[in-house]
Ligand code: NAI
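So this first bit is one chain, no partners, the form predicted alone, shown in structure tokens.
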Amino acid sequence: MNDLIQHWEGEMVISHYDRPAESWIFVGIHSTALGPAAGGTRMMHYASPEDALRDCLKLARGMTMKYAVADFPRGGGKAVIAVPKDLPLEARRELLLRYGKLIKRLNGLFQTGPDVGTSTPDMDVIAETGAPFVFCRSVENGGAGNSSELTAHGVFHAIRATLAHLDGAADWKRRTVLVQGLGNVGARLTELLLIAGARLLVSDTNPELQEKYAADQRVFFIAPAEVFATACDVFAPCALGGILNRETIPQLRCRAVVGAANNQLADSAAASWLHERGILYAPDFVVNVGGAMGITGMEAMRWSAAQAASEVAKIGDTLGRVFRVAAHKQLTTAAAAEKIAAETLARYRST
């Protein structure tokens, strides 16, 4: 773990071993140039503490990029709680309460919300000891609720901006979108696409969701093994990251990739491979900031729900800028987004 931290360009790493739950807690503070670090809390089982730390550091950097590209007043951070398999529910609750105390001790240096493995009810628990630095609490407990709606809203506007860039307009009825992953964000995205009139393909590995969507006459279900080779205009990954790699990119039969999943590119070379294939990639850290931005705006900046939706819709404008910079500078879209983020961070650091 020392080697991972020594070679990380971020500002701070907090590590804590929770002995009662036999769990590691890592908080990565990547940047506070734009404001206090903010990011979700991921809770899952990892093969090793090193894998959990690696995930934390990578995700924290991604949050910095998200906020910087959007020019939003928050820095990048992330928390990962690496738990044993089959942690009992009561032990899980007690762990979250102890984690909340850690968040409280950081006194605003890190603000958190849900991520993979956590939810709005979990934020209610963490807030019992960690408030006011816990977002996405339920409305009944003083929060703005689940961020999935706003995340999906941002992805929808990103898809529209991508189609406009490719075709001059988002002609939904003549375009096919394949949504991979039908969790909270993916499910809401499918509803928005159906309302817009897009032809919709969906896929998920969950047998219950397979059955549900296979019976939905409005969509066509694609078996998970066939996703990458299925023809579509836009491929929207909304599950876990790392799916765009040396094996999957040659299979793709889409014109663009625009999805909610974090860290979709397996490595930096993947952006070049997509570019070489003529596939327009919408960088995930530009596309999926809507939930984090909108909920933070409502809970910490007194935005109304309407203002949050309006600000999240601007993700389409930001993505359009990324596409223009990429074309003008002859960069991949991932490199163009990184360039915009770096310029924003440099501007704040110089003031």
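When you see a residue number, it is the position in the sequence shown, counting from 1. Keep in mind that this is a model prediction, so the values were computed, not measured.
Keep in mind that the form predicted in complex with the ligand is not shown, yet the notes after this line are about it.
Checked against the ligand in the model of the complex, the candidates Thr248, Asn141, Thr205, Ser272 yield a single residue with a heavy atom inside 4.5 Å, and that residue is Thr205.
The contact residue chosen from Ala127, Leu106, Ala170, Ala261 relative to the ligand in the model of the complex is Ala261, the criterion being a non-hydrogen atom within 4.5 angstroms. Although the partner is absent from this view, Gly75 stays clear of the ligand in the model of the complex, with no non-hydrogen atom inside 4.5 angstroms. Of the heavy atoms in Ala239, some are within 4.5 Å of the ligand in the model of the complex. A residue is said to contact a partner when one of its heavy atoms sits within 4.5 Å of a partner heavy atom; Ser148 meets this definition for the ligand in the model of the complex. With a 4.5 Å cutoff on heavy atoms, Gln180 counts as touching the ligand in the model of the complex.
Residue heavy atoms within 4.5 Å of the ligand in the model of the complex occur in exactly one stretch of 190 to 198, 231 to 239, 81 to 89, 161 to 169, and that stretch is 231 to 239. Not one of Val69, His157 and Thr318 comes within 4.5 Å of the ligand in the model of the complex, counting any heavy atom.
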